[in-house]
Ligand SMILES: Nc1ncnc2c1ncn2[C@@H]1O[C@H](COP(=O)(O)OP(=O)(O)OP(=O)(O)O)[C@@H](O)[C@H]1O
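As a starting point, one isolated chain is supplied in structure tokens, in the form predicted on its own.
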Amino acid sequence: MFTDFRTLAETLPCGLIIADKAMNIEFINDFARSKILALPQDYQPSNLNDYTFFTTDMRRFDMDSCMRSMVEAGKRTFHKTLLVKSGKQEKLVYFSVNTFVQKGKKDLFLFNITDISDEMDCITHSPGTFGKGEYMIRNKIIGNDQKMQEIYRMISLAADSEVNVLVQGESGTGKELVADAIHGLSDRKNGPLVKVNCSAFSETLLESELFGHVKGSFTGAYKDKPGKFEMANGGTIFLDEIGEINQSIQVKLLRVIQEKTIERVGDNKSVKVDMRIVAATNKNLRELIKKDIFREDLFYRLNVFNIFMPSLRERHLDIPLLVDYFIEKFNTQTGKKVKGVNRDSLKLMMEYPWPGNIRELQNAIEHAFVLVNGNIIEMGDLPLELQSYSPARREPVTQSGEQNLSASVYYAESFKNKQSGRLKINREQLMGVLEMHDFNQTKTAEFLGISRVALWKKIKKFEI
């Protein structure tokens, strides 16, 4: 009988997978192996959790938790439209899951996976993107805070134009990621993205780095060398720490913007260049203008479109999302299986002002990965400067039975306790809580501490 099933399964134009409650794969047909998961013919995958799926609003989908919820709720079927990476493509697939058979005391599930990319006209052919828009931005810049929603909108607007962009914000807030996203979403995405840290070079070296030089123009110039502006032809050049360049180079940069030409050091021949400039700084350029350090005309040429990146302390509710992201990143790099941080550590991270912003948070998690012993990051695993921080008001530590906490859970839980006593939550945040509870409205309402009627009104208000 099972042999007949295998024969039939291999002829179907859809993916079939049989897995137990722990997502261990007991059967997979060739379509699921080669077309859905893009695996070699002779490769036998062992666990479905080894593969990443996303919801249609670009959130990572926890298949394991979903199956557990299905069993606990006594459900026998489950349906979901998801995104799955397949080689250099990303496919839209329709998952239909059914309780298959009972094998002893082990639950078995039958996954029927249909590729609906062509029908929905949303298959893409460039790595790392699914359409042109928020998906790519959200893969580069993590955050659900209202300030970040505005950043996403500004990036999309900037990408649809050819104007120069000035990205401002404190060090470590992700200004370079904004440049990545603007370039990746623009019509110049197939051209080069060239990055220059203007503070990393002396005046002479920076001039040569940007504009290039000809042989013999200075000691050590043994051959002609193109500059970064020429290398960025047809694409985008990212000028980081633009506030560090001196007035001499500012004049030359102004000419590049106005005339779209450059002259190599030691040469008087003009070279045409076609590139889009995205500049970034952590300094107040208007203050530098008042001090005659930065040219006002150059400022207005660069500041055609301005994006200001908020500090991490201004969007502290995004910290748990970032913690989860970095834990996943370092799990992949180190082979460890860290699940999260304990509650006391996460509370401290939520209260800490993060003067180094996201870069400092990333370093803190990387530091913890060196010390962590087990699958939960504890207070002693964090850097000393973080451990020694003493905020004016610290919430009491919860009982031992509630110590360990997924950062995503804390993210949702943080909406409950507001000074007004009322729930304040936006559409993206509510979607996150609903997904965490498999869109079970009763459990979601209980978790948020509101009635089902109140939850229903919010769902209707946000048109979810």
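One rule holds for the numbers: they count along the sequence shown, beginning at 1. In this text the structure is predicted, and so the values were computed from the model without any measurement.
What comes next is about the form predicted in complex with the named molecule, which is not displayed.
Task: Triplet T173, D240 and Y325 all within 4.5 Å of the named molecule in the model of the complex via a heavy atom - done: Affirmative, all three are within 4.5 Å.
Open item on the list: Quick check for you: of 366-374, 382-390, 141-149, 285-293, which stretch puts a non-hydrogen atom within 4.5 Å of the named molecule in the model of the complex?
Closed with: Single hit among the candidates: 141-149.
Open item on the list: in the model of the complex, does K215 come within 4.5 Å of the named molecule, counting heavy atoms only?
Closed with: No, K215 is distant from the partner.
TODO: Evaluate H316 for contact with the named molecule in the model of the complex, applying a 4.5 angstroms cut-off between non-hydrogen atoms, and reply yes or no.
DONE: Contact with the named molecule, no.
- [ ] Report whether the minimum heavy atom distance between R359 and the named molecule in the model of the complex is within 4.5 Å.
- [x] Yes, R359 lies within 4.5 Å of the named molecule in the model of the complex.
TODO: State yes or no: in the model of the complex, is some non-hydrogen atom of L177 no more than 4.5 angstroms from a non-hydrogen atom of the named molecule?
DONE: Answer yes; at least one heavy atom of L177 falls within 4.5 Å of the named molecule in the model of the complex.
Task: in the model of the complex, residues of 450-464 near the named molecule [heavy atom within 4.5 Å] - done: Result: empty, none.
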